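One chain comes next, on its own, written out as structure tokens in the form predicted on its own.
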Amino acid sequence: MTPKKALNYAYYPGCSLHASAGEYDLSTRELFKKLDIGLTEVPDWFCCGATPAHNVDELLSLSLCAKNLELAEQVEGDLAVACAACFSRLKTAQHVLAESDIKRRQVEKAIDAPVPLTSNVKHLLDILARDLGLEQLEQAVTKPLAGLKVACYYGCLLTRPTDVPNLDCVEAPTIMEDILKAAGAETVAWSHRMECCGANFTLSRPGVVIQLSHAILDSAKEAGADCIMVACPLCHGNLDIRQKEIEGVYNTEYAMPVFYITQLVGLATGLGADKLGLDALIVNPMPLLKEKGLV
């Protein structure tokens, strides 16, 4: 299927998508290819600083993001970002540097280049829901996710803080639900879709992550969800990789697959499991998908 107009983007995968979240990168590339959306990886991109850098050195954190934004200017189109943390840091850098001439000059000296403050940084959700459009997306669906009940998990960074991401309503977003509705799935109303999973505390304070992620999984289960959908590698790791450990600590069972947005939408467009990296998920999604007739 061809969109009404050509859609081409610079693509910033970020570190996680080239390592622990390789299935997110794979499913993003395959889905966008299926939708005839062009992605060109930013040349020589490097780490945005993610969650730790800005707590250690603000100038370093801002400079890392600014340099990546400058590198992205070499590629045609807006900058497409999959990782919620990368999206947050890049948008935050633009916001902070637009507000402070002093910090902007310091960063421009550090990177020896002007900072592209007005370039558009877009999360994949924005591209699917608005640039491609929900109507076009629905037309691309060949295998609707009928009967699949999904808990859409936004976490901390996709819409917060106010006036930085500008992705959707800060406290009551619907962009994930809108995309899944176009893909034929049913979304559940649940209490923890905006709560923190513990993020990078997974290494330094795993007990905190286990407690917070347990509450999220509990909420999704109580709402009747078959699975959870995320757009953040850290959230995915805490809810998927640690799920068995959480079950052991709390003497319960979830067996709750955790998908990336691109994996579920990819299934709806007819992509096979091998093109979406479903075998990389720790909680095996195949029994659920077979039960629903989706594979």
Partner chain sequence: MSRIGVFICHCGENISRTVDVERVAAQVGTLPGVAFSTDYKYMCSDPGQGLLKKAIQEQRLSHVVVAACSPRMHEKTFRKAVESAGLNPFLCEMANIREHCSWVHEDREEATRKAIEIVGMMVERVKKNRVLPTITVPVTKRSLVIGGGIAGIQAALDIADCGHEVVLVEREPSIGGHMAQLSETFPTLDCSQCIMTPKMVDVANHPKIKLYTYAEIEHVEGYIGNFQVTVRKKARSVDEDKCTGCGVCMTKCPQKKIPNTFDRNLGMRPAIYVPFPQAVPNTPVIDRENCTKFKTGKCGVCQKVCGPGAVDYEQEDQLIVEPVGAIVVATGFDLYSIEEKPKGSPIKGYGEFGHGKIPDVIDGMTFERLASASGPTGGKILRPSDGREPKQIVFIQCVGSRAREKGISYCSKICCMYTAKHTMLYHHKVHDGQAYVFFMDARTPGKSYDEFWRRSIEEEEAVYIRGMVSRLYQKGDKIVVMGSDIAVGVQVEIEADMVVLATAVQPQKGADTLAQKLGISYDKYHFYSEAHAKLRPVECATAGIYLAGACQGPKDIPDTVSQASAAAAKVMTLFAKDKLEREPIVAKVREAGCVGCFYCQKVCPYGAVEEKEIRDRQGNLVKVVAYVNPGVCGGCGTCQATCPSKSVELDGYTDEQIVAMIEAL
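Numbering follows the first chain given and starts at 1. Bear in mind that the values here come from a model prediction, so they are computed numbers and not experimental data.
Another form, the form predicted in complex with the partner chain, is not on view; read the next lines as being about it.
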Completion exercise
Answer among 95-103, 145-153, 184-192, 70-78 for heavy atoms within 4.5 Å of the partner chain in the model of the complex: the stretch 184-192
Handout entry: All of 160, 171 and 222 with a heavy atom within 4.5 Å of the partner chain in the model of the complex
Key = yes
Exercise for the section: Would you give me the residues of 38-67 that have any heavy atom within 4.5 Å of the partner chain in the model of the complex, in order from first to last? Expected result: none
